[in-house]
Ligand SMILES: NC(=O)c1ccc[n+]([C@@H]2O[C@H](COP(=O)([O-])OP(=O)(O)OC[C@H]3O[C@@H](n4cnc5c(N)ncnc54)[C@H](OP(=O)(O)O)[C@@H]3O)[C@@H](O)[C@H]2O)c1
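Just one chain is shown here, as structure tokens, and it is the form predicted on its own.
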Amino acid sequence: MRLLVLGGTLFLGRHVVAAALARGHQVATFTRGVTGAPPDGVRALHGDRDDPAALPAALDGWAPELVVDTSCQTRAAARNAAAALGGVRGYAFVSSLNAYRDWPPGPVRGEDGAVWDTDDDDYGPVKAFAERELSTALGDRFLTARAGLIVGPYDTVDRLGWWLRRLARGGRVVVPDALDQPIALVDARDLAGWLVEMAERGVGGPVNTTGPAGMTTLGGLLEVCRDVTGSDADLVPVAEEELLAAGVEPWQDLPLWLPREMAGTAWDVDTTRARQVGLPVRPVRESVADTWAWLQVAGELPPPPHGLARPGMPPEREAALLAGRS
């Protein structure tokens, strides 16, 4: 079938394109044309999603039957996609757990929790608006994947990648004294293939698309990173209160770390429906090892998408926290 990927040249979209090609689809991507080209054999369409005329002009009579949308960041983009693509057979949309009003900190009990309905342009409210706009146009042919932490090769957001490179350098490494906090993740390749399948099947409704609660801990993930990189790094736990007092920003300066009062519930997300409709759970070690293998050949990474700041603790701040510790 003819499958359109909105996005398709960066992280998750790149894997969606690969999955769609592997399943025999005729694939097109629609991007701004600034982050590289899709693989050979893929129709590369360009335009600004915020321009209502751009997508119809780019399609120019090429009528997609299926859509996987990985790139909706504005209300205008959602409205324009709904207007241009409301007749497709299946539409899988990558939303976020941030669409829920109460996440973080959560917990998330199934997919029936309240979502944002405000008019501001923050990330969560925009995703919730896009869900409503596209669902109105497509009905039960519209699936919204409320994603959490996505990892794997080609991840330029670079949270897991930062830990892999830092541990590979070895030495004493500052970590939060919360290594037992739970964490859940999904491999981008698993999510991508599943999104294509859901569009093919015309499955609709919201799905919490992350790994099962309790699949690992922050400490367990870092131990896998240390093992995969062959590192002799010495993890030095530092109390949360000290980290915060020193200006260390959770999730940003120490990627994947959340404050104690948030961590337990933020990762408590009911993924029963995801398991029922077949979202795979790849072993954490495989995701970590493949990400590390990709980083060995990736060279310098481009800036993170959507204006995100590069994650990771500055070396001078880590040195200050380590000073005087045995």
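Note that residue numbering follows the sequence shown and begins at 1. Predicted model, so just to flag it, every value in this text is computed and none were measured.
There is another form of the same protein, the form predicted in complex with the ligand; it is not shown, and what comes next is about it.
**Q** If contact means any heavy atom within 4.5 Å, which of 292-300, 268-276, 40-48, 58-66 contacts the ligand in the predicted complex?
**A** Checking each option against the 4.5 Å cut-off leaves 40-48.
**Q** Would the ligand in the predicted complex be within 4.5 angstroms of a non-hydrogen atom of every residue among Gly161, Val228 and Ser231?
**A** Spot residues vs the ligand: no contact at all.
**Q** With the ligand left out of view, which of Leu179, Leu149, Val203, Val236 would have a heavy atom within 4.5 Å of it in the predicted complex?
**A** Looking at the other structure, the residue within range turns out to be Leu149.
**Q** Since exactly one of Ser135, Ser71, Thr216, Asn80 fits, which has a heavy atom within 4.5 Å of the ligand in the predicted complex?
**A** Contact check passes for Ser71.
**Q** Looking in the predicted complex, any heavy atom of Ile183 within 4.5 Å of the ligand?
**A** Heavy-atom contact with the ligand at 4.5 Å: absent for Ile183.
**Q** Answer for Met313 alone: is it within 4.5 Å of the ligand in the predicted complex, judged on heavy atom distances?
**A** So Met313 does not count as contacting the ligand.
**Q** Gly33 near the ligand in the predicted complex, any heavy atom under 4.5 Å?
**A** Heavy-atom contact with the ligand at 4.5 Å: present for Gly33.
**Q** Contact between Val157 and the ligand in the predicted complex at 4.5 Å, heavy atoms?
**A** Yes, Val157 lies within 4.5 Å of the ligand in the predicted complex.
**Q** Does anything in 201-238 come within 4.5 Å of the ligand in the predicted complex by heavy atoms, and if so which residues, in order?
**A** Contacts from 201-238: none.
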